[in-house]
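Heads up, the chain shows up twice below as structure tokens, two forms, tagged structure 1 and structure 2.
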Structure 1
Amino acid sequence: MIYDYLIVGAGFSGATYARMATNRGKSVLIIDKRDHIGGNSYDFINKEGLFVQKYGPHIFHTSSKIVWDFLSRYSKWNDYEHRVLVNLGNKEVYLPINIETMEKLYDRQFTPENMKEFLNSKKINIKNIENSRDVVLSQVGKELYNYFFKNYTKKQWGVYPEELDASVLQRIPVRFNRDTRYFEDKYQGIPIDGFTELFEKLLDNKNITVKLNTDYKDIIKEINFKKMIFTGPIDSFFDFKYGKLPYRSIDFEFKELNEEFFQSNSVINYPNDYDYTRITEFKHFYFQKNKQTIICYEYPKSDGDPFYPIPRQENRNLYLKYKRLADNLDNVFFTGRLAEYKYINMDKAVENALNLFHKLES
């Protein structure tokens, strides 16, 4: 058989493309080297009946109605709104910095106006914002930078914020209101039966064949296909011809506990203490009632599964060399966090896959 598409990777990028293609009557073989679909968004239910996210905390959020409507065909959503507490040793406060954060930190009341005045007196005037340190210093000054960002970033990325593109810390706004949510997007939530169930539905079509536990390199010679959509790491596709692109990885350490709740919030960050960056208690995401709970510690590291492309100019330059090779192939197309070497969220992965589909098939 000749497949219209061979899709490598069954995460949001690959699964979105697969569904769009089969909706147009195309035949698809989607393969993943892991033993499950869902990519890094994969979740499962453990023996106690609790949802576990195998690759750390995943919360869906988007401002794109197109993306939301597309995924909503395959799942309903709960109305979870994400909040992140940061443990600063003697206090726990919400991030992004907002009026409530300031009041708890400084033990006084703030209005939007005097929060602005206060931060104006602290922030540092930086003409050209060149990196993530500049982003924060020019918004809130050194004290808050040291509390929240400096050491967390070092743990997470292995480098301090001045070594990272501005885009990394631009992910986290400063708010002059009392909105304590982590994301402001109009649409947010967790798929009501979990992410993996959403993927099951996305891929449930007679024209989609799913093959797991398979590296595409091991079977590529045996498969006939017209086009390939590649969502794995772009450097691995080209056998690291120009050298390895750097990625950040994480060790996830899970603990099952014989208690109802371990912590008051789904995610608590630890910027300045311990080797881990954050602890997640998944049952908050899924509103589960259970006598047991399961938590996850994240220990960032440089080797291992590639989870985070590292946004720095020198890495982008290397990526662009690979992209030039990719652009010269006429039947292989690259989309996704690893294939485009971009620190993107799930919604952007879906959006990019939808756009690629429209480009190739319209």
Structure 2
Amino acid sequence: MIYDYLIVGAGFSGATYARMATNRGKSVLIIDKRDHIGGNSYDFINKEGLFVQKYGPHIFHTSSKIVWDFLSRYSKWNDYEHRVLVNLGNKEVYLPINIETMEKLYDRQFTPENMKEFLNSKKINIKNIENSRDVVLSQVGKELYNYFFKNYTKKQWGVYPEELDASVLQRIPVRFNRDTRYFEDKYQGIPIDGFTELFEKLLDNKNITVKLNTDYKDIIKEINFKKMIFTGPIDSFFDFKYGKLPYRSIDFEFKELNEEFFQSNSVINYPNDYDYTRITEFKHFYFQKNKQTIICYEYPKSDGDPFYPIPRQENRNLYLKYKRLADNLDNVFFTGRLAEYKYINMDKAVENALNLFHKLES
């Protein structure tokens, strides 16, 4: 059999493209190294009946009606709106920084006007913004930098903000209102039956063949196909010809507890204390009622599965070498976070896959 498309990777990028292709009558073989579909958004129900997100918290959010409408064909959504608390030792406050955050931090009332005045008085005038530390100091000053960004960045990325490109913290999340939601997008939620169920429906088509626990390189010579959509690491595709692209990885530590709730919020960040960056309690996402709960600690690390491309100029330059090789291929096309060496949200992965499909099939 000759497949119209060989798609490497069964996450949002690959699954979206597969569905669009088969909606046009194309035949698709989709391959993934892992033993499940869904990429990093994969979730499952444990023996206690609790939803677990295997690769840390995933909350879908988008301002794109096209993306939302596309995915809504395959899932209904709950009304979950994400909020993040930050543990500062003796206080827990909301992030993004907003009036509620400021009032709890400084034990005083704020209006939008005097909050702006307060932050303006704390800003440090930096003529040439050269790194992420400069960005934060120039926007909110040293105190909030130390509270929220300095040590969290070191834990998350392995380097302090002054060693990261300015783009990492280019847009400091500050709101001069009382909106404590983490995302401002119009459309937000979690699939009622879980992300994995969404993927199962996306890939439920007679023209889609799914092959898991498989490295495409092991079977590539046995497969006949017209075009390949590659969503894996671009440097791996080219056998690391110019060297490996650096990533941050994560160790996830799960704990099952015999209590209804462990914490008051779905996600609590720990920027300054402990080795982990955050604790997630998944019950909050799915509005589950259960006498037990499960929590997840995240420990960033330098090796392991690639999660976060490290945004430094030398890494970008290395990626561009691989991109030039990719651009010279006739029947292989790259999309997704790993293929583009860019941290993108789930909705952007879907949008990029839709755009690539329309480009190739228009």
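The model shown is predicted, which means the values in this text are computed figures rather than measured ones. Numbering for residues begins at 1 and runs along the sequence of structure 1. Superpose the two forms; the largest set of C-alphas matching within 1.5 Å is the rigid core.
- Between the two renderings of this chain, the form predicted alone is found in structure 2; structure 1 comes from elsewhere.
- After superposition on the rigid core, the Cα of Asp165 moves by 2 Å or more between structure 1 and structure 2.
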